[in-house]
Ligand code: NAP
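What follows is a single chain, given as structure tokens, in the form predicted on its own.
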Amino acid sequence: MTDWKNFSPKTNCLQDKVIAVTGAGSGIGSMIAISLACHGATVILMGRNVEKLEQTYDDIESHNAPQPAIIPIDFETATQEEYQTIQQSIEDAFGRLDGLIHNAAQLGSRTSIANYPVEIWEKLMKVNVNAPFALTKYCLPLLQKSKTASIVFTSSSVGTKGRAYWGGYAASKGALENLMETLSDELTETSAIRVNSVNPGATRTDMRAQAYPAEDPATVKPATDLEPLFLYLMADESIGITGQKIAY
């Protein structure tokens, strides 16, 4: 066991691992997927925009990394049957799952609770909370088949302390942090699955630009700076680390 800040990933540190990444079409999710593949993992790319997922797929192929897979899904409208189908598809293709990274999310409205549109709130909870819950629930049997499985929920600083005008996003990330802790507590001593959350901090993404339109993107770190942290949490070096809220 080592600290992620002192982790020096080897090229093949994820060899033979099967890892699913949501929101893999752009931003942090795309960066994570490409990095995992370049370190030996077979990556399952999940998201609603097939064209963007195909771009990530092509980027991975260009690195001569293990061939990825694409599972299109719209978390805003996904049904229980769709999650069951995803579980079966992964089971048929790979037999197990070694990692699951929840990265897909929506920002929603930046306004006061008093003015927050109910329909936006409900949509946000479907994508940011209900989807990670359902996908995790149906993937747990696949993760149980791995010797060293890891689940990571991508959170935010407003998930541990809410701030004015962050509304549904803050509430959803707070729920996600609680889900992480609950699941970790349930699996500790009964499973080899470890469960943690990551607060990436200010990162140069489209969502960040949407939240802070006046901010100069050059003043915040690129998504690639997060690479060692996510690699660490998927690698065997992080075995024993669970229930942790890890901030970059």
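Everything quoted here is computed from the prediction, not taken from an experiment. Note that residue numbering begins at 1 and tracks the sequence as displayed.
Unshown form predicted in complex with the ligand; subsequent notes refer to it.
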> Is the ligand in the predicted complex near all of 74, 105 and 201, within 4.5 Å of a heavy atom of each?
Replying inline: yes
> Okay, which stretch from 34 to 42, 59 to 67, 189 to 197, 203 to 211 lines the ligand in the predicted complex, with non-hydrogen atoms inside 4.5 Å?
Replying inline: 203 to 211
> Taking heavy atoms only, is residue 49 within 4.5 angstroms of the ligand in the predicted complex?
Replying inline: yes
> Should residue 184 be classed as touching the ligand in the predicted complex when contacts are defined as heavy atoms within 4.5 Å?
Replying inline: no
> At the 4.5 Å heavy atom threshold, is residue 180 in contact with the ligand in the predicted complex?
Replying inline: no
>> Although the partner isn't part of this model, could you tell me whether residue 135 comes within 4.5 Å of the ligand in the predicted complex, counting any heavy atom of the residue?
In response: no
>> Could you pull out the residues of 112 to 136 that have any heavy atom within 4.5 Å of the ligand in the predicted complex?
In response: 127
